[in-house]
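Just one chain is shown here, as structure tokens, and it is the form predicted on its own.
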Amino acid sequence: MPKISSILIANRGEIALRVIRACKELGIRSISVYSDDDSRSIHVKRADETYRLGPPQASESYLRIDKIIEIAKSSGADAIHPGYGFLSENEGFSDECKKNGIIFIGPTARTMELAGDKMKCKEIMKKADVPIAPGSDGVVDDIELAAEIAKEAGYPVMLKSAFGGGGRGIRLVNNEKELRQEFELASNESQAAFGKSALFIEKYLTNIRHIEFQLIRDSSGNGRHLFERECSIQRRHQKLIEMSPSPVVNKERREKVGEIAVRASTALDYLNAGTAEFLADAEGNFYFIEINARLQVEHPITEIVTGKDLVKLQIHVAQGEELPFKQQDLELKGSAIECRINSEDPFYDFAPSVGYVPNCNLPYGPGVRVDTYLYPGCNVSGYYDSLIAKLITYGGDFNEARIRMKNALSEFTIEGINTTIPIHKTIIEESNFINGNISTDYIDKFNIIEKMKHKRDQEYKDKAHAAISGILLQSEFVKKSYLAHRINKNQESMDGGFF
């Protein structure tokens, strides 16, 4: 397979910038695309070439396979990197790239189809002796059958879209009444988000952790895992904070589950970078839930603790190269934490907050990395995902990484919009987080939203107290100055009387 000399990045924002940087390091020509709402975005300025896709709506720009393929061909792109989101897990896009002689930097269309269909994927995993969570053996499209399966499994259960991702198409139900209420809603949400309404039932495991293993596999069949990431800090199935390593994964368990993850990638004949996701219960049992057939948002923390550039590895694998390391060559060093900074207001149920950003201050220093498209004078669009920055810190151990994150969050200011920084500040100092006592229900279980609001109110009180104290001090100073002035005046009068 010939070397890749030019890559079109079919994405936007910080991930487009991330791929552009990798291209520059490898001496590869980078080609960006943009919607009208992104015409002033920084990924447009940083790429070697750039082309307009269309109107702001994703359906008319970043999701237009025909336009992206046309631009790739006319610009002479050898390959397309899909980033994450948009078309990154669309098997039709991968297939169109292949038909047009363009290298798709990701899995094959067949692998994506299998990974995207959770029921087919689970069936394959069963045959590969990969442990899966208890639940229905296949898609459930009848409410009566769903009620029967749920009763047998025991409530609570999860209704999940067989084609879902990103937390969409998921409902937690605690009894049959809720099941009957939520079944149609979950089906409709799945249809709207993924064009398919198939649902399956999975036993809801309490006090669980969400732990994923980073995978990479080349065209020669060499599969490796780059250790785990703890992703249990979530809100409505959307990740807020990730870390590596997980506080509950020791060396023995890491090797065992990592081998299972690699086995899962082999069963799907996986190519390129991906992630095997697991639920872990309090007893240390791991249950496979899905393969994410793309680069993950949280990939930087794996890069930091392994010293491996995942995007450059993706490119090397896509052009037919074998992985340059064996599993035993990999070593996990130190600890890394990532906070996802979203343009949402956590004080008002995470309502979207978009618009002009007149100024921003990005933190920096030892062990601090910021992946973002923000710059003073930029615009945060309301048409796309709310992720605007990823703040990553590294330390020799978890506590050093955490303290650096605490300090970095205090330095990170974004004017003009509201962001999730306040909830990150609360979590990073919360005792259960510090002690590793976390699970997927952490936010609700420990009343994090209320703690965040209390922290804000206390800060307001402290500022008000400081302001009042300042006024009183200033008043006392003015009073003393006035008295001193009067004394001096009186003294002058008395002095004048002697002459």
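The shown structure was predicted, so the numbers you read here are calculated from the model rather than taken from an experiment. Superpose the two forms; the largest set of C-alphas matching within 1.5 Å is the rigid core. In this text, residue numbers run from 1 along the sequence as written.
The following text describes the form predicted together with another copy of the chain, which does not appear among the structures shown.
The candidate spot formed by 371, 400 and 403 is fully in contact with another copy of the chain in the model of the complex: every one of the three has a heavy atom within 4.5 Å. The stretch from 246-254, 226-234, 356-364, 272-280 that comes within 4.5 Å of another copy of the chain in the model of the complex, counting heavy atoms only, is 356-364. Heavy atoms of residue 309 reach within 4.5 Å of another copy of the chain in the model of the complex, making it an interface residue.
Contact check for residue 42: a non-hydrogen atom falls within 4.5 Å of another copy of the chain in the model of the complex.
The closest non-hydrogen atom of residue 331 lies within 4.5 Å of another copy of the chain in the model of the complex.
Within this chain, residue 176 is remote from the site of another copy of the chain in the model of the complex, having no heavy atom within 4.5 Å.
Site annotation in the model of the complex: the residue of 394, 286, 183, 204 reaching within 4.5 Å of another copy of the chain with a heavy atom is 394. In summary, among the residues 429, 95, 411, 117, the only one with a non-hydrogen atom within 4.5 Å of another copy of the chain in the model of the complex is 411. Residues from 19-54 that approach another copy of the chain in the model of the complex with a non-hydrogen atom closer than or equal to 4.5 Å are 21, 24, 25, 42, 46, in the order they occur in the chain. After superposing the rigid core, the Cα of residue 463 is displaced by 2 Å or more between this form and the one not shown.
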